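Here you get one chain, nothing else, as structure tokens; it is the form predicted on its own.
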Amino acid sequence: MSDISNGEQRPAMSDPLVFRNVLGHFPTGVVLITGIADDGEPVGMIVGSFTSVSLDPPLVAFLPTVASQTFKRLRTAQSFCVNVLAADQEDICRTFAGRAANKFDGVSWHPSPLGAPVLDGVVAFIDCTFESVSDAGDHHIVLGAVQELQVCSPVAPLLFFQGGYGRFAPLSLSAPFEADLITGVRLAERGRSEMDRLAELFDAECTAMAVISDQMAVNVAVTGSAPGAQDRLGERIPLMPPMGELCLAWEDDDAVDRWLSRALPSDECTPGEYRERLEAVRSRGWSMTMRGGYRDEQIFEALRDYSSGVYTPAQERNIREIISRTSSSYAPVILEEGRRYDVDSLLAPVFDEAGKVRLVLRIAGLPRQADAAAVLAWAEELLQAARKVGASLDPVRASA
């Protein structure tokens, strides 16, 4: 690498398009810099070069082009506000990046503490005074001293990458590929007749979940007289403790270790206790969950957010925290004659010819406060259905 600090001339780029193309492989956030110009009118410009600079003192920066007429107006403001755009605000981004004369027409906003526009629906705002403006080639480097800042809506931000707009999706709870889902649907459809029978027999919800990588997906959902099961079709459930015990009970130690590694530090169960649960499930051959001290709506909402694949890392942590609270509901229960049980769901594994769990059948919405004999009878019906579905998997596996 040549040393240019002694005043030597920098080599010219042979092709500026190469420079633009290579740098385009680095994704950037998208912000709207706003202010109130000296004529009293709001002004705003889209920037993809915003960055934090310093924590002490708190400084940020953005880099407008020297030729920008919008920045010339913005520079007349007493302060500026960084609006971090949300993933669903691409239309606003395109409006302010375009040449419309009155870009704030129809845009809802309120003044920041320093008076600059804060648009409704943005992820966050950062209110700044101008610290300095210096030149760097064909751009300015604008340094801002942060005076106020706030998260307005903790949703996914808008990103710019290779000339297009997109959104962030975390990898740790990633959605399965469509091909895997199609295979799961084909497997689950093999069990539809048995599921219809169970739903009619118990007047309950019956779902089939396919095991796909580190999660399960609801591929078939049927119900008795009460509607609602179809709302869960396509729902994805992460294989993280306590969920997925039935899938892991017959897996090897490496798979169990990976499952346990996804547990939260705040989980009330230890790895040893989870291993005991897996042994209990394996011994019984089926599992059940009890109604817990949490609201079902919280769990369903968390699973809907997870299934959407559209969430920030903070939302992901919240989803995982909500799921971990259900741990006590999955604890093995010894059924005793004369006692009644408030069962939330019963689950049974569907094995393929190699002894691997390929599907999980689940019945829910059963009568509340059932005695042990009733629960065992339900479980036996569910196991019989699972065995019949398992016997039909081989043709599917051969053609998959």
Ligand SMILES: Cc1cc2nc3c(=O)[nH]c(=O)nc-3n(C[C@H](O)[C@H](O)[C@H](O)COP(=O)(O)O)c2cc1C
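Given the structure is predicted, the values throughout are model-derived calculations rather than measurements. Residue numbers run from 1 along the displayed sequence.
Below, we refer to the form predicted in complex with the ligand, which is not included among the displayed structures.
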In the predicted bound form, the residue from L346, L366, V60, V47 with a non-hydrogen atom within 4.5 Å of the ligand is V47
Heavy atom within 4.5 Å of the ligand in the predicted bound form, from candidates A280, V133, A97, C152, belongs to A97
| query | Is there a heavy atom of A67 lying 4.5 Å or less from a heavy atom of the ligand in the predicted bound form? | reply | yes
Using a 4.5 Å heavy atom cut-off, state whether W286 contacts the ligand in the predicted bound form.
no
*asked:* Taking any heavy atom pair closer than or equal to 4.5 Å as contact, tell me whether F160 reaches the ligand in the predicted bound form.
replied: yes
- Message: Would you classify F104 as touching the ligand in the predicted bound form, given a 4.5 Å non-hydrogen atom cut-off?
- Response: no
Partner contact check in the predicted bound form: of 349 to 357, 329 to 337, 368 to 376, 38 to 46, the stretch with a heavy atom within 4.5 Å of the ligand is 38 to 46
